[in-house]
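Next up is one chain by itself, shown in structure tokens, the form predicted alone.
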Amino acid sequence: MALPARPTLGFVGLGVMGRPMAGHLLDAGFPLVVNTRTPATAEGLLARGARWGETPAVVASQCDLAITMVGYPADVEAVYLGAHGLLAAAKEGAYLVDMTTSSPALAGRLAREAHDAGVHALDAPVSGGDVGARNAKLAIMVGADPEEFEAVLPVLRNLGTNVVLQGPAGTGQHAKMCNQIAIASNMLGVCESLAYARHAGLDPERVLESISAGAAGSWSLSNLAPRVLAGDFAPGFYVKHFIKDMRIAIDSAREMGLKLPGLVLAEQLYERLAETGYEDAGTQALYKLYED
């Protein structure tokens, strides 16, 4: 089923990532209904013309397509299922797109339950952090049928520049696990490189200028290492959410009989970081373990 030429959209979850993403949809001219756990975070969007939905079900009842961007798999379940969830009130043929990083198994379950209810549920987790969300340059990994993907693609292109169909329901989440696995070990390397530079008496900014343009270059090195050097550990992506993602990846790998020792080490170090009080900091705060 195709979406209307000018669909009414819903957005549930207006955190560090969700708020700018919802703003891009308003900028594109879509009618927008929003809901979030802390209503005050919606005030800027409401002032710009968005409407408030008291519950996810209220949002779903007014929308052709609803996007969710929440924290944990348990939050996804709460938003989609139950008396006040999206599935309870979604219009027949509506599209529900979960952009949370969540469990591949849960994504498959939601797709099946949505299908039984005459609704389309897609998983479309993202990568790019707060910078990508603000600049509408996210990488979006989609698990859906090809027809569903083509239906939602014009909306998703307002949020990201790299929107790729990975396969059927759940594969978007599996692709995001690949992304997080790569980031996990990379962040260890970034932090250890900066710590080594300082202990060697080098100017870390000069080192960063040199190595970020070479084979060591990465998104984390270019975007997060400068924050470390500036003492900026504010969240573009929370430590607590990264730990959640790594646990999902470890559990999924275990189900497949795959051992990922690098990921296990990264998860252990981030657990230690969270225990020292940095669970609400950005992932670049891992450097504090080396600094201290």
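The shown structure was predicted, so the numbers you read here are calculated from the model rather than taken from an experiment. Here, rigid core means the biggest group of C-alpha atoms that superpose within 1.5 Å across both forms. Numbers for residues come from their place in the sequence shown, where the first is 1.
The form predicted in complex with another copy of the chain is left out here; the points below concern that form.
- Only one segment in the set 250-258, 60-68, 23-31, 45-53 has any non-hydrogen atom within 4.5 angstroms of another copy of the chain in the predicted complex, and it is 250-258.
- No residue in the set Gly118, Leu153 and Asn158 has a non-hydrogen atom no more than 4.5 Å from another copy of the chain in the predicted complex.
- Interface membership of Ile183, defined by any non-hydrogen atom within 4.5 Å of another copy of the chain in the predicted complex, is confirmed.
- Interface membership of Ala83, defined by any non-hydrogen atom within 4.5 Å of another copy of the chain in the predicted complex, is ruled out.
- Proximity of Glu192 to another copy of the chain in the predicted complex: non-hydrogen atoms within 4.5 Å are present.
- Contact check for Asn135: every heavy atom lies farther than 4.5 Å from another copy of the chain in the predicted complex.
- Think of it this way: in the predicted complex, another copy of the chain has a heavy atom of just one of Ala78, Ala88, Val131, Ile211 within 4.5 Å, and the residue is Ile211.
- Shown here without another copy of the chain, the chain has Asn162, Val164, Leu165, Gln166, Gly167, Thr171, His174, Ala175, Met177, Cys178, Asn179, Ile181, Ala182, Ile183, Ser185, Asn186, Leu188, Gly189, Glu192 in 161-192 lying with a heavy atom within 4.5 Å of that partner in the predicted complex.
- Once the rigid core is used as the reference frame, the Cα position of Asn162 differs between this form and the one not shown by less than 2 Å.
- With the core held fixed, the Cα of Val119 is displaced between this form and the one not shown by less than 2 Å.
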